[in-house]
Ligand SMILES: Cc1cc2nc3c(=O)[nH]c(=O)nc-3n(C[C@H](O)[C@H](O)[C@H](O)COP(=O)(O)OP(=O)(O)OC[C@H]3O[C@@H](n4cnc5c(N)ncnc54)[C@H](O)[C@@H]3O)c2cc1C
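The form predicted on its own is given below as one chain in structure tokens.
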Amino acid sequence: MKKQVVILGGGVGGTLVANLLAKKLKANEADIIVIDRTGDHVYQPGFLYVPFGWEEPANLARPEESLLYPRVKLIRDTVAVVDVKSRRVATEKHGEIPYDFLVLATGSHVHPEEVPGLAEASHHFYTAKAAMELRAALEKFKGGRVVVGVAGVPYKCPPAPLEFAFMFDWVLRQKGIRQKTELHYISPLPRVFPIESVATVTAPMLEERGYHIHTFFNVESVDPGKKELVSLEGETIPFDLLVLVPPHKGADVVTRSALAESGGWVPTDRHTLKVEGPDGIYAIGDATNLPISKSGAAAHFEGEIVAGNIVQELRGEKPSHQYNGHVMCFLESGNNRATILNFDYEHPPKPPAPSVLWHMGKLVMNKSYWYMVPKGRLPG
């Protein structure tokens, strides 16, 4: 009897796994179904450029169907709950959908409401709407005290707040108002970046640009009236403009389905990418609790592992594909320069000096993404 593989969520991970399965499996071996609430595929790294007017949200989204291979079925619907005992997914419009194998590509989501006052007083660029609102704020900005940083960990794309900080300083200098601006960077960690080898390189870069660095700054609340940022440690920083990465959580559906731990992250084997506990379930990308960055770059390298192991299991073989934690991504440093982070579980990144070459590499990736990554054409 033909098996059924159900993938919850499109995005990098879900789309890539679906297409890889479509390439690896014969039509009579399995049906492949992607369930996605909107049916839109969004290239989220592009949101970083929207506040500066260098990119438009309309260019960063495409219909999921345009990226999926023809034999993959897309269902636009919201998943209410996963019943692991009966191996069924309950949807709002299409009823219950059975699965033999399930892939959780449910991602992570911003929750500014977790910090009192944050939604009212702060900006970010992790959604199209928020990025456009930040663009409007930057267009009006004529100088003052600006605080950039992170309001909770973990969060998507760890380099992003640093990238914004570097690019913002560059833009202020281009506009001739850098001398009218006081810049602060906050981090809840003991350093400016989660990985020490990267923090060692980027902290001096912030200092060179005149940033005041505040580590061990865990945001407790924001006072929109006084325009003050307050930490759990008792430090207060006034601001004229606040740009903070909001707290992130996993998808509600994995919590409702008792598949997640604290924060909504799915307990996942760091090598096989199988969800710990129930049979036949894998997790990929931001949804997992793995000790690596929550990013499309991670999902890209995980995709081959998940697809390969599902194919082996479908054919009665022991899954043998192992993920080593490999992630490779760029870090913009402003002034048309960037560096690259290439690492895995055992080998921390050693970022080279920022250069125009790496900046061009990121621009090429931004443009070629649609043709390479979701279709599985870029080797993992």
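If you're wondering where the values come from, they're calculated on a predicted model, not measured in any experiment. The first residue of the sequence shown is number 1, and the count goes up from there.
What comes next is about the form predicted together with the ligand, which does not appear here.
Colleague: Work out which of 255, 78, 215, 200 lies within 4.5 Å of the ligand in the model of the complex, going by heavy atoms.
Modeller: Only one option qualifies, and that one is 78.
Colleague: To verify the annotation, which of these, 337, 37, 62, 326, has a non-hydrogen atom within 4.5 Å of the ligand in the model of the complex?
Modeller: Going through each option in turn, the one that passes is 37.
Colleague: Which single stretch, out of 132 to 140, 281 to 289, 215 to 223, 188 to 196, brings residue heavy atoms within 4.5 Å of the ligand in the model of the complex?
Modeller: Looking at the partner contacts, the answer comes out as 281 to 289.
Colleague: In the model of the complex, does residue 12 come within 4.5 Å of the ligand, counting heavy atoms only?
Modeller: So residue 12 counts as contacting the ligand.
Colleague: Report whether the minimum heavy atom distance between residue 101 and the ligand in the model of the complex is within 4.5 Å.
Modeller: Although the ligand is absent here, residue 101 would stay clear of it in the model of the complex, with no heavy atoms inside 4.5 Å.
Colleague: At the 4.5 Å heavy atom threshold, is residue 45 in contact with the ligand in the model of the complex?
Modeller: Yes, residue 45 sits close enough to the ligand in the model of the complex that at least one of its heavy atoms falls within 4.5 Å.
Colleague: Heavy atom to heavy atom, is residue 297 within 4.5 Å of the ligand in the model of the complex?
Modeller: Residue 297 belongs to the contact set for the ligand.
Colleague: Though the partner is not shown here, which residues of 102 to 117 have a heavy atom within 4.5 Å of the ligand in the model of the complex?
Modeller: Those in contact are 105, 106, 107, 109.
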